[in-house]
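Structure 1 and structure 2 below are two forms of the same protein chain, each written out on its own as structure tokens.
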Structure 1
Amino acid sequence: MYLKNLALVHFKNYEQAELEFSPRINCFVGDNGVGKTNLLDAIHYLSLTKSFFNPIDSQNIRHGEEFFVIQGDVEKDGETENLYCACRKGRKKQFKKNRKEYERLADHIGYMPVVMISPADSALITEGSDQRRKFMDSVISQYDRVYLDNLMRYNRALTQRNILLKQMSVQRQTDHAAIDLWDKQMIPLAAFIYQTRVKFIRDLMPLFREYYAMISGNEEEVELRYESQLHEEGMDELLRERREKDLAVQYTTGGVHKDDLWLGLGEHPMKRTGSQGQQKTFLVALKLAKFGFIYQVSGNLPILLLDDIFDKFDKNRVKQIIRLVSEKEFGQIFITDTNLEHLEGILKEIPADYRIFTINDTIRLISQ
């Protein structure tokens, strides 16, 4: 599977753009701020129906315009299929495959899996648990439709339970039977989500450690540890024990929406003990493990998007990463960088088809 081409209208800084891609390696080279990352984000839209960077669709419309359109042709299983995404201010986003609109955007997830590696990944280490839950959910949802559906149902029930708790506080009345209705919905969904995440982290660990060793070239021990309140007791017990507290604070304090993923270097938290280079290696290895895991369980090679990840790596480490991802077990790859000479020198040493586009006022194919 690979993306054959991409067409943009009024997307972010692009008035209009059309590109034809190699099925292997494609590079966008140019100064910071010219729109290299926006091309990767357009590919992310075609895969996951949303931006990697900005969840508000209307804010991805080019300034002064009323809409954007992203289109691309995908070669998959010997067939070419067209994907179409459009957003107009004040209207619902449209997403189509072969001109047929999806009834639910979630039905498209997993058709064209993608893995983005970006400087923004540092949030996995530096920010709150919601970032790490999002990572787990984004991987599992690309190969397990039941998980995605159950996660959406759980989040809807959680939202309604929280609304109910706030209403009861305002009205100064407690209706335990009404809370029970939402609890009964959440309990089996939470159990499914929890068990799926447990298995996912257990199965991901060998891949993660393997990629970390390949990139780092040393024997440092890295660790992922799934943290959940459900390790100790079931969701039904959590909700029952915390009900009075939930009523007092007006939101649900226990459940899989509080889960976290501990990231470690040995027995120490990566956030505190890892150097900048170790943290970056950790994140790249984690995302490559995500890639390998999706491929293992689904049989579909994800598209790999590498956004300016070489900024703080030395030349040898960059060469090592590009050589690794240029191997046959990786499919189509998109890379952004600012250093044309550096990138082209590495690619010429690799036996893989590639194309390099320069990005400034225009997009120009300079090497293939």
Structure 2
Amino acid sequence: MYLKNLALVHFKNYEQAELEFSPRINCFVGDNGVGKTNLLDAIHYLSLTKSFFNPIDSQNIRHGEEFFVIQGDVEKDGETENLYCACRKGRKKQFKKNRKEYERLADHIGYMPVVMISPADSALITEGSDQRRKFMDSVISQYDRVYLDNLMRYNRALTQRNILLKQMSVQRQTDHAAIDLWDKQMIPLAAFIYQTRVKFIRDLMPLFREYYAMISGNEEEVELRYESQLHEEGMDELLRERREKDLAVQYTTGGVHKDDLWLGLGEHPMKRTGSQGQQKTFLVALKLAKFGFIYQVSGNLPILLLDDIFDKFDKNRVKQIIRLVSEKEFGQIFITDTNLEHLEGILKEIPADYRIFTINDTIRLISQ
């Protein structure tokens, strides 16, 4: 499966654009701020019906215009199918496959999977545990709708329980029976979420180690450890034992909403020990593992979007990554970069087919 072409109208900084792609490697080269990443974001739209960066659709309309349209033809199993996404100010977003509108946007998810690797990934290492839970949840939800549904129900019950705890503190009255009601709802959901996450990390781990070793070319042991209070005890015990504490602090202190991923180099945490290069390698390997994982469970080869990832890597590592993703087990790839000669030099050495587009005021195909 690959994206044959892309047409944009009034999307972000583009008034109009049309591009024909290679089924393998496509590069967008240009200075900062010319809109390279916006092209990746348009592809992200066609995959997940939304922007990677800005969740408010209307803010992705070109300044001063009323609407945007993103269109692309996908080659899948020998057939060409057309994807169409349009947003007009103040109206509902439209998403169509072969001119037929989807009843629910969620039905499109998974049709054309993408994995984006971007500088924003560093939040996984530097920011709080919510970023790492979001990483797990977003991968699992792409293939497991029951998980997504249970996660949403768990979060809803959690919100209600927390509000209840707050109300009891304000009214200085504790109604244990009322808390029990929510505990009872959360217990089976937490168990399901926990077990799914355990299995997910177990399956992801070997892929992650493999990719890390391939990119770094050395024997550093990287660790990805799922941390959860549910390792030690069940959700029912957890909620029971922490009831008094929960009442005192007015929120729920135990459960899968406290889960985290511990990211490490050997026995040391990545956040403090890892050099910038090691951290970047770690993140790229993690995202490639996500890529491999989605491929394994869905049988669909995702499109890989590499946004400005060569920024902090030395030339050898860049070569290593490009060589890796140009191998057979990867499909179509989109790369953005600022340095033309640098990129072209590497691409000339590999056997895969590639196209380079330069982007300034206009988009030009310069080599293929």
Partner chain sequence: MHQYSSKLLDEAVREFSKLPGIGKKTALRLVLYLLRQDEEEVTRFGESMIRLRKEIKHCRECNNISDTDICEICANPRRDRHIVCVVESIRDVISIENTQQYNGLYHVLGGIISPMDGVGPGDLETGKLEEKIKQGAVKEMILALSTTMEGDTTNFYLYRKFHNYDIEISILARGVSFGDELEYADEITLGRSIINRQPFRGDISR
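One-based numbering along structure 1's sequence throughout. The term rigid core refers to the maximal set of C-alpha atoms that superpose within 1.5 Å between the two forms. Being a predicted model, the structure only gives us computed values, none of them experimental.
Only structure 2 of the pair represents the form predicted together with the partner chain. Once both forms are overlaid on the rigid core, the distance between the two CA positions of E233 between structures 1 and 2 is 2 angstroms or more.
The Cα position of A106 differs by less than 2 Å between structures 1 and 2 after fitting on the rigid core.
Core-superposed comparison between structures 1 and 2: the CA of R243 exceeds or equals a 2 Å shift.
Taking the core as the fixed frame between structures 1 and 2, we note the C-alpha of A177 moving 8.9 angstrom. Superposed on the core, the two forms differ at L148, whose C-alpha moves 3.7 Å between structures 1 and 2.
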